[in-house]
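Coming up is one lone chain in structure tokens, specifically the form predicted alone.
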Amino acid sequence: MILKSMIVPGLPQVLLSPEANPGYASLKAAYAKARAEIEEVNPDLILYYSTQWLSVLGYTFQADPKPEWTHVDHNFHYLGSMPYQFRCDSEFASSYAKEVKKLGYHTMLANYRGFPIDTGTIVAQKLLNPENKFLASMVSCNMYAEKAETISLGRAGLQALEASNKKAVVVLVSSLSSRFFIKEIDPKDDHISSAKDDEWNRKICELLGEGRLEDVSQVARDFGREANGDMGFKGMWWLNGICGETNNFQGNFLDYQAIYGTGATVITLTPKQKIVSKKPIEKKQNIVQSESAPEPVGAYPHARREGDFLFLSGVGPRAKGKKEIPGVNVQKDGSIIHDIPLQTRSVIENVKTILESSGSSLDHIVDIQVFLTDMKSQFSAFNKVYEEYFKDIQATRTTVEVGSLPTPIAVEFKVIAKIP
């Protein structure tokens, strides 16, 4: 069960030099308010996902029950050392790793002395749970994972919490914009390095303050591109995945400041009702076979997932489980009369079925290739039906004439769509 979620900054200034800038001190005070919220709900554990703990191959989970070391940040080493001794939930780490491994991803449990905990997690843990009152759990951020995978990592976390019957506060440790100053600055002069980044940051804070986590997740890619979001702002996908992919939260905006040119915020989100888990997308399910669509006529799937996109195999008008093909009328002499409007409609409905079986929809199509066997006699009738479905969607389209298609049909689509 998720009791609360939070977005907090992980740069060391807030912990090690709050007196150097009023903004740093303000963020530390906001951290204290967030800590009070955690104390109030009394969780079984605090689960951290930090954009500073990077993994390349799959995901790593902190499984040492008592990790202890002295850490120095590699960028801001002059601020001093961060000795730590934490209490971690190694049992939950194993449960979370098990759920992620089911999806087909490589997992590793880190359980040896001196395994490095990143700056962000250390800062957050020391400010949110300084007395180790609550067990902690930590999962790495795969630097190459895209949206669908990262959301699935979050979904798997919620399933692990449900299976373990744990009540948790989940914490995303991430900056907003991450455009650092490239020259040394006096901390007293710290500010957001770009006016454009500042504008984007404030909008994200506004949305999260209204509890609109799902909306922020949907614009994370745009934010990452336009405001140089921390790790592309992918942490927001994880947070959205583990929090049920909804806007149904009470947001509490606590602070927004600059840290060495980057954007830093402290915001808490309280669910308005119990969060229900969604099934994660397994890695091996990049091959899509829809039970509702007509069977492929060759050794190929209905579609294939790659990253955030679906690539559909050629789709014709055939109906599932029927020998007759809609719009294909075979005459006694063996000739064929094609009902182009009916074929076109059947093709689009088959595309719709495959997309919806894959977690997408017609609205998310980005590109269509259309194949007609007689451009001159078929295009006009095809185009009228096409417009009924796609006038507002405005996918890009290429229509070409071909000599024939593998079965006695006159219309076939090749589609690329996004997975929302």
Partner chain sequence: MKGKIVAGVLAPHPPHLVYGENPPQNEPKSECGWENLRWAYERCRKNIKKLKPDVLLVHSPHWMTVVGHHVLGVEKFKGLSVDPIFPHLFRYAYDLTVDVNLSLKIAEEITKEGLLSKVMKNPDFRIDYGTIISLHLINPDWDIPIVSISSNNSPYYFSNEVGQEQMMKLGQATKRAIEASGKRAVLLASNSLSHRHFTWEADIPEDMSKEHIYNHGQYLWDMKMLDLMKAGKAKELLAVMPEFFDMALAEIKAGALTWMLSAMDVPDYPAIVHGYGSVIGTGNAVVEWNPEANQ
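The model shown is predicted, which means the values in this text are computed figures rather than measured ones. Positions refer to the first chain, counted from 1. Here the rigid core means the biggest group of C-alpha atoms that line up within 1.5 Å when the two forms are laid on top of each other.
Missing here is the form predicted in complex with the partner chain; even so, the following discussion is about that form.
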Given that the partner chain is left out here, which of M375, A32, L362, L54 has a heavy atom within 4.5 Å of it in the predicted complex? L54
Listed residue (I182, I287, I337, A195) with a non-hydrogen atom within 4.5 angstroms of the partner chain in the predicted complex: I182
In the predicted complex, K323 touching the partner chain (heavy atom, 4.5 Å): no
H106 near the partner chain in the predicted complex, any heavy atom under 4.5 Å? yes
Do E99 and the partner chain come within 4.5 Å of each other in the predicted complex, heavy atoms counted? no
Quick one: is P130 in contact with the partner chain in the predicted complex, heavy atoms, 4.5 Å cut-off? no
Out of the stretches listed (269-277, 90-98, 112-120, 236-244), which one is close to the partner chain in the predicted complex, meaning heavy atoms within 4.5 Å? 112-120
Non-hydrogen atom within 4.5 Å of the partner chain in the predicted complex for each of W69, H74 and H77: yes
If you apply a 4.5 angstroms heavy atom cut-off, which residues in 307-335 are near the partner chain in the predicted complex? D308
CA of S358, rigid core aligned, shift of 2 Å or more between this form and the one not shown: yes
Distance change of 3 Å or more between the C-alpha atoms of N248 and H364 in the predicted complex: closer or farther compared with this structure? farther
Do the C-alpha atoms of S358 and W237 sit closer or farther apart in the predicted complex than they do here, given a shift of 3 Å or more? closer
